[in-house]
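We begin with a single chain expressed as structure tokens, specifically the form predicted on its own.
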């Protein structure tokens, strides 16, 4: 049974790594990995962490690349790989341009498509952009929908998909998380290794979404600045995204703020362990919304919508919007109200038990045998 796993960005690689591992453990499967390298440097970080060597590397990344260029270059490269390997099924993850191109390449070449992390919906096709459209378009093509949660399954049913092709598996990101956490983790970063995690309230932060660049991101960073100025026991660690627009805003607003540390991006293992040591997390990321609940950390989501409402409903996450006052108030509340903090920190993780990859591989074997 020939399985081709396709991914191109750091988040995809993290969440596909457990699937790749389980595929390679199974004697019934001949598996190969193709990376588009839609994101080059950040992808390579993950490949190193999980000791993954791709069988095919399309290396499509170019500075200043457009969504059209990513999609067309990936589609052309993937067609050649499919014709050479002749897989019985290809697996694509999530919602990137690589995901959509992989599904389309499979369809054009009459190869079945399995969509890992299927059924997430924000309800706004422009937020997150272009991810919401990518995941919906991939769903139209996919033969197998590996949905992390019951809510994801219901989203697909409401859109008319066949229930027999939808499988609730949990999220593979939780599998990866459990593999990466270490109690005595060393960062190889003097700042992070010497941070006083016991006596300081450490906020770890990510911010990079396209739809937040501009005024929304200025609001997020301005709120963080006010939080730090008011709360003397708070330190903020922000691994700044490589996007030059994000870096300009971060440096302009937070560059000279005491106790705000703008650092280079961390590999995923380091960032997961940073989250585990933090007091709370502020993010506009999707994957981080799934990781933090497993770590018992409140997560504040600086976005207008989220395609991961399970965390909101479980009480482990809170959607802040992108207005400065609202962001400041919610962060300040958790820093100074222990009861509110405990409610979120002790909420149950709704995203899985760490066995999603095992379930996905078992389903593939059952359905294709």
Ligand code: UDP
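This is a predicted model, so every value here is computed, not measured. Positions refer to the first chain, counted from 1.
This protein has a second form, the form predicted together with the named molecule, left out of what is shown; the following refers to that one.
> Heavy atoms within 4.5 Å of the named molecule in the model of the complex: which stretch among 119-127, 264-272, 80-88, 103-111?
Comparing against the named molecule in the model of the complex, the contact stretch is 264-272.
> Using a 4.5 Å heavy atom cut-off, state whether residue 175 contacts the named molecule in the model of the complex.
No, residue 175 stays farther than 4.5 Å from the named molecule in the model of the complex.
> Would you check, heavy atoms only and a 4.5 Å threshold, whether residue 10 touches the named molecule in the model of the complex?
So residue 10 counts as contacting the named molecule.
> Does the named molecule come within 4.5 Å of any heavy atom of residue 294 in the model of the complex?
Outside the cut-off, so no.
> According to a 4.5 angstroms non-hydrogen atom cut-off, is residue 153 in contact with the named molecule in the model of the complex?
Heavy-atom contact with the named molecule at 4.5 Å: absent for residue 153.
> Out of 136, 208, 225, 200, which one falls within 4.5 Å of the named molecule in the model of the complex, going by heavy atoms?
Contact with the named molecule in the model of the complex is made by 208 alone.
> So which of 288, 280, 253, 234 reaches within 4.5 angstroms of the named molecule in the model of the complex, heavy atom to heavy atom?
Contact residue from the list: 288.
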